[in-house]
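Here's a solo chain for you in C-alpha cells, the form predicted on its own.
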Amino acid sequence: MTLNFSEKDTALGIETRTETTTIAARCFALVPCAGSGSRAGTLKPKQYELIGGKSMVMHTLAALGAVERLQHVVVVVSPDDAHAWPDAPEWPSHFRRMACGGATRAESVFNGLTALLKEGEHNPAAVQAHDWILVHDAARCLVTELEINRLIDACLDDEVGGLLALPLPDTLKTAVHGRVSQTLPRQDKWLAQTPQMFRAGQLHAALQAKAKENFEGVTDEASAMEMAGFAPKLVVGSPHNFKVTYPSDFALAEDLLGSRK
C-alpha cells in the first residue's frame, strides 16, 4: 500500500516536498480449529485424530510453518479445547492459539479476525487492516509449502485476493430422491480449497455484514467476499489438498503422507 502526501499553495506558487510512504502488506495465517467434524464419525473432533502417528492439525501446521513469508500463524480453537491440545508440541515463536472459536467455521474466523484487528489497534507489529490473512482448514492436512507460496505469489499484488481451487474434472449431476434430475455443464466450475487469502479488514467487514444473520450462506471466506461485491481470484491448487471429511478420507490421507516420506 502506497500513501502519497503533497500540498501546493497556488496563490503563492509554493509547493511543499512530496513524501511517499510505502506500507508493505504482510501475510498472516488463521486456522479455524473449533469444529466437531460430525461427518467423520470420530469420537473426538477430527482435527485431533491421529494420522501417521500425529494429530491431523499438526500436519496442517507443519506445512504452514514451512512458509517463511507468514509472519504469524494463529489457530482458533474452541474454549473447551484450549487446555487439551494434543501432541504437546514445541511451538515456533510465530505460532499461537486463540480460544475464541465459535459454533461455525465462519464465526470462528470472524472471532479470530476481530481479536487480531483489536490487537493491531495498539500494536503496529500485530495484524493491520491492510495485511493479508490466509485462512486454511485444519482438516486440509495435505497442503504443501509450494501450493501456499503459489497462492501468495498470485494474490500479493491483487486488489481483492483469492483462493486455491481446482477446475471441476468430472461430469456434474443434480439429484432428486437419489436419482439424476439434470446434468450440468462443468465449464467454468471450480472446487474451492484453502488457503483463501484476503485483506484482513475487508474480510472482517464482509463477515461482519453477515453476522446478524448467523453467517447464512457463508460457506467459506470467498463466499463472504462475493456477497460483499468482490470477485476473488482463482489459483490452481492440487487434488491432494482435499478436506478430510469422511472415515475413508483418513486412510487416503495417511497413505499420501506416508508416500511423501
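So that there is no doubt, residue numbering starts at 1 and follows the sequence shown. Since the model is a prediction, treat every value here as computed from it, not as a measurement.
Below: the form predicted in complex with cytidine-5'-monophosphate (C5P), not depicted.
- Message: Using a 4.5 Å heavy atom cut-off, which of 146-154, 115-123, 98-106, 176-184 contacts cytidine-5'-monophosphate (C5P) in the predicted complex?
- Response: The contacting stretch is 98-106.
- is_contact(A224, cytidine-5'-monophosphate (C5P)) in the predicted complex, heavy atom dist at most 4.5 Å: Although cytidine-5'-monophosphate (C5P) is absent here, A224 would stay clear of it in the predicted complex, with no heavy atoms inside 4.5 Å.
- Is P232 close to cytidine-5'-monophosphate (C5P) in the predicted complex, meaning a heavy atom pair under 4.5 Å apart or at it? Judged by the heavy-atom cut-off of 4.5 Å, P232 is well away from cytidine-5'-monophosphate (C5P) in the predicted complex.
- Task: Indicate whether cytidine-5'-monophosphate (C5P) has at least one heavy atom within 4.5 Å of a heavy atom of A138 in the predicted complex.
- Result: It does: once cytidine-5'-monophosphate (C5P) is placed as it appears in the predicted complex, A138 has a heavy atom within 4.5 Å of it.
- Message: Can you tell me whether K46 touches cytidine-5'-monophosphate (C5P)? I mean in the predicted complex, with a 4.5 angstroms heavy atom cut-off.
- Response: Result yes; K46 sits at the interface with cytidine-5'-monophosphate (C5P) in the predicted complex.
- Establish, in the predicted complex, whether P32, G35 and K243 all lie within 4.5 Å of cytidine-5'-monophosphate (C5P), using non-hydrogen atoms for the distance. Looking in the predicted complex, the three residues P32, G35 and K243 all sit within 4.5 Å of cytidine-5'-monophosphate (C5P) (heavy atoms).
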